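The chain below stands alone and is given in structure tokens; this is the form predicted alone.
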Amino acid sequence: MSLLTSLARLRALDEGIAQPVATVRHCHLSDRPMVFIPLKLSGESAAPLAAMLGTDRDRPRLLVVTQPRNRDLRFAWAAELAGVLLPYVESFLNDTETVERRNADPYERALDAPQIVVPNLTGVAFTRLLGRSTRFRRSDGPYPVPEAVPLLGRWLTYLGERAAYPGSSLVLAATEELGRHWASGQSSLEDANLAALLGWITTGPGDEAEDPLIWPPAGPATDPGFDAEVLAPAIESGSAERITEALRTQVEPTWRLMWQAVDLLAALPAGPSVTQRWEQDRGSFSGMAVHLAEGAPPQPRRDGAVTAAAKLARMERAQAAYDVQRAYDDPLVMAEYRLTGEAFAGEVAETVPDHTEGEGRSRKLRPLVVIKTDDPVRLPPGTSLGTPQRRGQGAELVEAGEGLVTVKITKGMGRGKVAAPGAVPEVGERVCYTSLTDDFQGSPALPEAEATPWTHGGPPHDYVPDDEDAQEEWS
């Protein structure tokens, strides 16, 4: 936990209301999100119990497994879930745009993409587990399942994996996104309680937020008291109506909280970099759709060494870019780096816009900017800098003295002999410079999968799903 977040939590505790730790929204929010609240059977890792989902807050759809230990009923429930989720996902594949790429063929990218909103991180994990439990099933042969179930499993697996990708908004966990924008006066563990966290943000803490009779757990696990006193007798009775109504009492309160969370996030303006990250999500979603259309096999149980290394490199690069973008988009996030000396802000005291370096044809324009700041600057001379006020412009730290910092602009001034209008800050302008930049080195070249060294398992065998794959969770 950073220093500013700790201070915000202390202030929230003192004032009895959550404190904002962001000035803009750092996630994309769809005009038509699919809210998905899954419940699982207590004591089972992937036995679904119920799910409430939908894109219309006034018309939720409740799907229930009346006998959760019955395999046929579980897969019938999965088929019913597919009947709701798959049309929603596939509705975004109709409208596309052609995207040109450097040194690569153009491709078709969906104009929009689905967005699944779950209550918490355990909901994300359960979604991924549902995908793992269904993507290897077959619609023919022994123990067939409805045809839509394996396709549902592949989409859920993709969405669950994409949720771990830094900056992705295809799958959002409500508690995570709320906690990224507000600091409550309770611990991070307590923030996983959606009702309690929303209480801190809206009206302040209250004992009723932790009362399971008023606000049941947001899933996937249910309250033990409910399991013993309500659910177990309902299942033993064999009454589908009784079971359905019992489970409805557990998900309807969370349904209301989920849309309250969506409204709170929607009230924040989107950060400038959100659109760029959503374009990446749309590209990834379109790639998955092409993968399925080409008849590729389901995602393997484990990635090969080369695939895993490439995936890790992409995620590390995405995390670094996400950290930079959040800081550039949001002064409150940048303040964290100002405290650590990785950024400084102040007022321009002096400029030398015609300063040059070199002689003759090698002479280069290098304007100097002197900034008066009260921030601690712990960066050595020569450090590459960037600025949120002029994205794409590069600078270099020349020297830092008592309250004065001199920087040299190195790129982003135009191609003329003098700097382009507006490229050099004006005296009196408020600016911020930071060592956080988006100039990252590319990933090292990886061998082809067929050239995987023996130290990493050797070349992978062609992956063909077998019966063992299908015997994971719902056998």
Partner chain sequence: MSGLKREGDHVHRLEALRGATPQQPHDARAIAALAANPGCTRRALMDGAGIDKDAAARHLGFPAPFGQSPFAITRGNVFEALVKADGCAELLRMLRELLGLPVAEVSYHDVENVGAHLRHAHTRALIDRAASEGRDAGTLYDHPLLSMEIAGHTAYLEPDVVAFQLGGRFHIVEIKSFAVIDGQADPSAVAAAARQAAVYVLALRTLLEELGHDPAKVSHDVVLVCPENFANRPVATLVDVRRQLAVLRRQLTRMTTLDRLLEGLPDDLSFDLRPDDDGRPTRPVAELADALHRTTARYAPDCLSACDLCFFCRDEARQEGASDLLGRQVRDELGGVASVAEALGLADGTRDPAEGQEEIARLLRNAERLRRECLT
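Numbering follows the first chain given and starts at 1. Remember, predicted model here, so these are calculated numbers, not experimental data.
The protein also exists as the form predicted together with the partner chain; that form is not presented, and the subsequent description refers to it.
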Item to check | Position in contact with the partner chain when the complex is considered in the model of the complex, options Leu73, Leu86, Ala232, Leu292, heavy atoms within 4.5 Å | outcome: Ala232
Checklist entry - Given that the partner chain is left out here, which of Glu359, Asp207, Asp105, Asp140 has a heavy atom within 4.5 Å of it in the model of the complex? => result Asp207
Next on the checklist: Check Leu129 for me: does it contact the partner chain in the model of the complex (non-hydrogen atoms, 4.5 angstroms)?
Outcome noted: yes
Next on the checklist: Is it the case that Glu429, even though its partner is missing from this view, gets within 4.5 Å of the partner chain in the model of the complex, heavy atoms only?
Outcome noted: no
Checklist entry - How about Arg301: is it within 4.5 Å of the partner chain in the model of the complex, going by heavy atoms? => result yes
Checklist entry - Taking the shortest heavy atom distance, is Pro20 within 4.5 Å of the partner chain in the model of the complex? => result yes
Checklist entry - Of the listed stretches (44-52, 410-418, 57-65, 27-35), which one has a non-hydrogen atom within 4.5 Å of the partner chain in the model of the complex? => result 44-52
Checklist entry - Though the partner is not shown here, which residues of 4-26 have a heavy atom within 4.5 Å of the partner chain in the model of the complex? => result Leu4, Ser6, Leu7, Ala8, Arg9, Leu10, Arg11, Leu13, Asp14, Gln19, Pro20, Val21, Thr23
